[in-house]
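One chain comes next, on its own, written out as structure tokens in the form predicted alone.
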């Protein structure tokens, strides 16, 4: 259907159905009015139109019971009958043909080389971090590292120290290698529990626990010279704020971070980025800016690879119809049953 037809169909639906459709797609959808909610759903449909339409169709099937020739709902009791009839599963409507494997694979591959042009959200983030703290919440593969690299470059050009933290030693080692190649080995150092190299470099890579300990020392009066010139702190994988065991490390790092340094929080999976930005605004000297981007640069496609080497789309549509497993591709269903029959112990009933 066209965008206008989809918009008209959404406008005819009750708010309860629209909220169900918005789950997993629209942040804080329960706060939006009907017109705004429809606008947000249409924006989402630009990246996964097939998934949205298939989910809408499934919700409409559940909501609208079939009717008999007399105009009465198929499962409704006759007039005057008080007996409750058992509920029956809705009968699915005829679906469009499932996507073929060739259609599912179409367009997958290495894209043709082209000049790099920063996305608008990247430009916005770089502009904001020069003035205040920034929380970046964008999908995986969207280009968070570009913002971190350019922000670090600008800070070092201004003779400010930059600290880049990650939750894992392995990731810190990877970033040390990457940044040494970009900026030169003389300008990059690393501090982890196992490795300490070039500790007076203008760009230091470390785990978040190491930075927290440095800030502890500063709070107790043992000022480290690196903190005197600190201009930018980049906290990668900042969704660890919600970790039951290690989240306190990120909280204390943010709380004890020197006021002259800008904070740049990066994540692809923060569920409540606005709440995090509001919290930073309440404890830091400047208002924190949230930069949010929801469109995936590389759209996701779901497939199933059987142990026998057979590959098939996982869903009937090219996109992923969130929340409706009844949209499984028929070939995937067949392969699931085949695998179940091959692996279940003999004599055990299938589910």
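Because the structure is predicted, anything quoted here is derived from the model rather than measured. Positions refer to the first chain, counted from 1.
Missing here is the form predicted in complex with a small molecule; even so, the following discussion is about that form.
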Location of the small molecule contact in the model of the complex, chosen stretch of 275-283, 190-198, 110-118, 245-253 [non-hydrogen atom, 4.5 Å]: 110-118
Look up in the model of the complex whether residue 258 has a non-hydrogen atom within 4.5 angstroms of the small molecule, and give yes or no. no
Is residue 167 a contact residue for the small molecule in the model of the complex, using a 4.5 Å heavy atom cut-off? no
Classify residue 146 as contacting or not contacting the small molecule in the model of the complex by the rule of any non-hydrogen atom within 4.5 angstroms, answering yes or no. yes
Contact flag, residue 161 vs the small molecule in the model of the complex, heavy atom cut 4.5 Å: no
Using a 4.5 Å heavy atom cut-off, which residue among 130, 140, 185, 173 comes into contact with the small molecule in the model of the complex? 140
